[in-house]
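Quick setup: one chain, the form predicted on its own, written in structure tokens, and binding and motion questions come after.
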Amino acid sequence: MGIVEEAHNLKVLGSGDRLIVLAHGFGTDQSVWKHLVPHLVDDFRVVLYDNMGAGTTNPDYFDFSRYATLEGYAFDLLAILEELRVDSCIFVGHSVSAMVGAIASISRPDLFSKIIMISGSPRYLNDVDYYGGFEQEDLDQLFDAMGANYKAWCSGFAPLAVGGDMESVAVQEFSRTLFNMRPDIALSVAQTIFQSDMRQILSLVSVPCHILQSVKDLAVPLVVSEYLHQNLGCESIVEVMTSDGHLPQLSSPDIVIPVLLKHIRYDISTA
């Protein structure tokens, strides 16, 4: 096993001519795709990996300067595709990984046949003529709470992010993967994500993008999906799902899995 495979807990499952890469967001790991994977393995080869910093990865491999920008994660993604000798893939990116896929596709558009973005956002901070959902004061309070008592913060943040029932299995699952992260790494990753601004790169994306969004999401207001649609340089399509929360593939699989499968099989360019 190579260093890339080991570091990212890389797994390749299933069989088929087409390849799908599943990339998770903040506070989770590849287990967030557990409801989707069984629907894919008969028809596709499925690549699963953990972002560096996830609780399932070796914290000694986490380079704070490398992952101070989203480009660090994009370089990792390209290294994974190179390691697997991937010619072309369908990339499904959740949350921050939606933007990571977009960044990676700018330098290597040939590797991506399409990008499916779930709960993605190019910027979380409000700005002039842009509504991201957060003021700087909100983020400073979030970072302070993480630094003061990480376990207590996890317990409060998980139900807010997932939405719905506080006692649900999805909330328990997100709490578990969130708490598995080393607190100093979790804080650094959160700062990198929430302070990021990817608006300027959207026009450079040439790969078709499918933008999927929950109707209610604490982290990503509904208007953000329309902003992506209007500002991406590629062909794009938006679907707002009736799901609640930032991790709909975990909390509302009955709603989200059929939508995901539809977008995996449907190509904008042939419409």
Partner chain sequence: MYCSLPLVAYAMAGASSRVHFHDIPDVVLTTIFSLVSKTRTRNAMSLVCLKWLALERSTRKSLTLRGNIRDLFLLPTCFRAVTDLDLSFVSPWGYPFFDSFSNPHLLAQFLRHAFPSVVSLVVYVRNNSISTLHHLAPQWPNLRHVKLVRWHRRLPTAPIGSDLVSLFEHCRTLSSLDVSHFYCWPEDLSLGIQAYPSIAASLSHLNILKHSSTEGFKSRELLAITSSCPNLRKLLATCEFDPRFVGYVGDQTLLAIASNCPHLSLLHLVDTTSESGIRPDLNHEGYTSEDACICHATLGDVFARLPLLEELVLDVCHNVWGTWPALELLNSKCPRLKSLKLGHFHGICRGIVSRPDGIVLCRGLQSLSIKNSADLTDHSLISISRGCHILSKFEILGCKGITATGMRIFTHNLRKTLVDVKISYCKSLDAVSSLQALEPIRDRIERLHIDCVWEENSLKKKYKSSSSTTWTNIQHLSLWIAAGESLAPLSFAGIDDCPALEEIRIKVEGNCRDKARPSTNAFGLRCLTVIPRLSRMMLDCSGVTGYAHTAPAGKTDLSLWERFFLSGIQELKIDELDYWTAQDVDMNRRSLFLPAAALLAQCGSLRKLFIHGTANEHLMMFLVGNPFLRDAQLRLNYYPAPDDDTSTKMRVDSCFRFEEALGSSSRHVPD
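Think of the rigid core as the biggest set of C-alphas that the two forms share within 1.5 Å after superposition. Residue numbers count along the first chain shown, from 1. Since we're looking at a predicted model, the values are computed, not measured.
Beyond the structure shown, there is the form predicted together with its partner chain, which is absent from this document and is the topic of what follows.
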Per contact check vs its partner chain in the predicted complex (non-hydrogen atom within 4.5 angstroms), the hit among 197-205, 120-128, 159-167, 89-97 is 159-167
Do S105 and its partner chain share at least one heavy atom pair within 4.5 Å in the predicted complex? no
Check: Just to confirm, P59 within 4.5 Å of its partner chain in the predicted complex by heavy atoms?
Finding: yes
| Quick one: does R45 come within 4.5 Å of its partner chain in the predicted complex, counting heavy atoms only? | no
Q.
Please determine whether S243 contacts its partner chain in the predicted complex, using a 4.5 Å cut-off between heavy atoms.
A. no
Answer key: of V171, M181, V189, L77, within 4.5 Å of its partner chain in the predicted complex (heavy atoms) is M181
Contact check, 195-222 vs its partner chain in the predicted complex, heavy atom within 4.5 Å, ordered by sequence, gives K216, L218
- Core-aligned CA displacement of D165 at least 2 Å between this form and the one not shown: yes
Core fit, then T192 C-alpha moves 2 Å or more between this form and the one not shown:
no
Taking the rigid core as the reference frame, is the Cα of T177 displaced by 2 Å or more between this form and the one not shown? yes
With a difference of at least 3 Å, the CA distance of G156 and V92 in the predicted complex shows the atoms farther
Working note: in the predicted complex the C-alpha atoms of F64 and S175, off by 3 Å or more, come closer
